[in-house]
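Below you'll find only one chain, the form predicted on its own, shown as structure tokens.
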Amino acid sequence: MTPFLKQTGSTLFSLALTFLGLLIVTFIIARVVPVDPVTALLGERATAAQIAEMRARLGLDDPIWRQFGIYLWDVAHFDLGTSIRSREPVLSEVARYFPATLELSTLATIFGVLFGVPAGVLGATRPGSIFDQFTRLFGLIGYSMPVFWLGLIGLLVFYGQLGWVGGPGRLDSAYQMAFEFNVTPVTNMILIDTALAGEWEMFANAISHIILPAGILAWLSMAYISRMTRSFMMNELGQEYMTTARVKGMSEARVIWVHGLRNTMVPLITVIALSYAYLLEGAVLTETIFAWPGLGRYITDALLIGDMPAVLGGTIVVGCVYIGLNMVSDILYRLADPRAR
């Protein structure tokens, strides 16, 4: 067996074990939470016969190992259960809400990388300078401030007082109605769907709504990425290959931005992937403040009313996102660093 196949098999086996562990945890949570799924489905006025029939239908009277086997079988067939609140399949609801979170988090991560990586590199090459101190202070403020406070202040200043951005939601109410009637959803991400449909006024309105929540999340992402980039880059600046490149007559810009940054990208890939995953699952407060119909808000609302199938289904999806991003970062890590291959 070649080393590549051995590494690929080891990675897939690790991912499978991680996913199995995720399913075990969610299965245990579903059994220990003080929420009776039968009562939640039928209501408190259900008769004893109706409760017994529903328990038998859901397999709750079976041995625990059989219940777990059924759970694995359902998940393997993309059946995450039925929402108690809407009586719709959880997977279809997650597919409807997740693109909003994906759109918001992706834009925030792009901003965080575009501003965080250069800021970290420049801070490492000029340690102690005014720029370095300002960048570190700016990142520290963004990393320390509560997200809900930043969101409320942002809405108060930029929407309420200055009117520079749109308010809560993904679109103004008039544009929301026009979107439902005139735009055929392709990705369920408003920026992409309105651009594909040529609805540029609606696209501009969507930009005005997403720019503030994405900017707040980008500030958090940039603070983390810039700090880690600065640390990685300062470690690389003292390496012998950097001195050798300078001795050979290479320009300082080429030494830093080509040779140094290329080597920092190896650990930085993992940092960016983890930051992206954190935004995908940790944007609950931001989505709540800005009335953003994303996955985090969906899980929170389901938890408040005891809709455990929706909560656990959303948790499985979030776990799959983490596993997927770890796999992608591992692949990119091997592509960026020949030694890992």
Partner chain sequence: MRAWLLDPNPRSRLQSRLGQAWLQALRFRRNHLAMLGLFITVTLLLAAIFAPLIAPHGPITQSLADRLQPPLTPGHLLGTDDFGRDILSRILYGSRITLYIVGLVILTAPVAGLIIGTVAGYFGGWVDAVLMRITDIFLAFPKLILALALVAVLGNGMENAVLAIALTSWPPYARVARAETLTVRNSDYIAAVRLQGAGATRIIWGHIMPMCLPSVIIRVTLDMAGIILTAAGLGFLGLGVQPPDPEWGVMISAGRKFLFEQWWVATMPGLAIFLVSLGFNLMGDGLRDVLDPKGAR
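All values derive from a computational prediction rather than experimental measurement. Numbering follows the first chain given and starts at 1.
This next part talks about the form predicted together with the partner chain, which is not shown.
*Work out which of T187, S144, T243, S92 lies within 4.5 Å of the partner chain in the predicted complex, going by heavy atoms.*
The option sitting close enough to the partner is S144.
*asked:* Check for me: heavy atom within 4.5 Å of the partner chain in the predicted complex, for each of I29, T300 and I323, yes or no.
replied: All three within 4.5 Å in the predicted complex.
*asked:* Residue-level question: is H259 within 4.5 Å of the partner chain in the predicted complex, judged on heavy atoms?
replied: Because no heavy atom of H259 falls inside 4.5 Å of the partner chain in the predicted complex, the answer is no.
*Non-hydrogen atom contact G238 with the partner chain in the predicted complex at 4.5 angstroms*: Contact with the partner chain, no.
*May I ask you to state whether G160 is within 4.5 Å of the partner chain in the predicted complex, using heavy atom distances?*
Taking the distances in the predicted complex, the answer for G160 is yes, it comes within 4.5 Å of the partner chain.
_Quick check on G9: any heavy atom within 4.5 Å of the partner chain in the predicted complex?_
Output for G9 is no: heavy atoms all beyond 4.5 Å of the partner chain.
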